[in-house]
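For reference, the chain that follows is the form predicted on its own, supplied as structure tokens.
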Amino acid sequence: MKALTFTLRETPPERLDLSPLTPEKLASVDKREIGKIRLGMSKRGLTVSDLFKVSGSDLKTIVFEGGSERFDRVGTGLVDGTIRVVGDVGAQAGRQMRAGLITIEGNAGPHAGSCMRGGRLEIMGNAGDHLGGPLAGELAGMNGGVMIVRGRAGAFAGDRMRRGVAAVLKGCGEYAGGRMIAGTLVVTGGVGRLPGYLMRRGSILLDRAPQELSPSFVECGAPDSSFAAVMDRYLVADGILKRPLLGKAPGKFGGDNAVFGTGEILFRR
């Protein structure tokens, strides 16, 4: 059975809310009614049939052939199945997903993986600011699952992260892991200013020493090597990295002591 495929006809003239197009939400919709689902976020109110050619019937696997930075909220609340986007997406891809797999074969906008609680989100290109982070007024960001950015991420990656593993493979902007509550943020390729700013718990794993830390972090000497070894094995076994990240004798900073935090920043010496 062929995947349910939405082939983009042309560049969308307005921002789209694609949150209705997930396996669990479409399961309760008659297939003849899918084309009538409203996606447009302006007065025009564009529908599925206005924007896409629809083919296939396997609701467990959804494919978007063609992407756009105007594709907002792809896979929001996903609880089962697979979504693949052949192209770019806009804001909040994978927000609040609980299970399943989302693969984006291009770039993603801000708040990708915002408040996700489970599943796996993989972005082959770059991601915007606030990767995994909460929206205004929310108290916690990423709360479980695995998120991988094969390119670069913007500022505030892992903001208020609470659980799960987030990995950025080509560097990220300032305040990576800022206000972390728990969880693990992995960054290779370098980080910007003040990683771990105001973090309370959790772990930030880096492939090199950070260039500018908040003065309320302290160097801790040799850390417990068992956690570093376990994470190295996991990252390689899961295909996130090709070789160990931290090695046998990583360095460690603890903090953020400005909020009496007990978090850690581990880095390869």
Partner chain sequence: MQRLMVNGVAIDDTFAEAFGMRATAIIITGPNRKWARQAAISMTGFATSVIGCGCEAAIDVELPASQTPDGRPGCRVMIFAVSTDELQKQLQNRLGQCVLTSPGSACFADLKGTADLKLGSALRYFGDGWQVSKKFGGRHYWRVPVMDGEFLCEATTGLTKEAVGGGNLLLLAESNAQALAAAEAAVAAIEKVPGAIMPFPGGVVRSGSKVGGKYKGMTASTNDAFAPTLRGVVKSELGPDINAALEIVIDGQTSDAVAAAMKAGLGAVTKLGPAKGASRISAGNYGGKLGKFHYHLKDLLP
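None of these values were measured; they are calculated from a predicted model. Numbering follows the first chain given and starts at 1.
Absent from the display: the form predicted together with its partner chain. The rest refers to it.
Go through A209, A27, V230, V236 and name the one with a heavy atom inside 4.5 Å of its partner chain in the predicted complex. Exactly one listed residue reaches within 4.5 Å, namely V230.
I'd like to check something about G100: if you look in the predicted complex, is any of its heavy atoms closer than or equal to 4.5 Å to a heavy atom of its partner chain? Judged by the heavy-atom cut-off of 4.5 Å, G100 is well away from its partner chain in the predicted complex.
May I ask you to state whether R201 is within 4.5 Å of its partner chain in the predicted complex, using heavy atom distances? Residue-level check for R201: yes, a contact with its partner chain.
Mark T76 yes when one of its heavy atoms lies within 4.5 Å of a heavy atom of its partner chain in the predicted complex, and no otherwise. Although its partner chain is absent here, T76 would stay clear of it in the predicted complex, with no heavy atoms inside 4.5 Å.
Its partner chain contact in the predicted complex: G81, any heavy atom under 4.5 Å: It does not: once its partner chain is placed as it appears in the predicted complex, G81 has no heavy atom within 4.5 Å of it.
Would you mind checking 231 to 269 for residues with a heavy atom within 4.5 Å of its partner chain in the predicted complex? Residues within 4.5 Å: M231, R233, Y234, F260, G261, T262, E264, L266.
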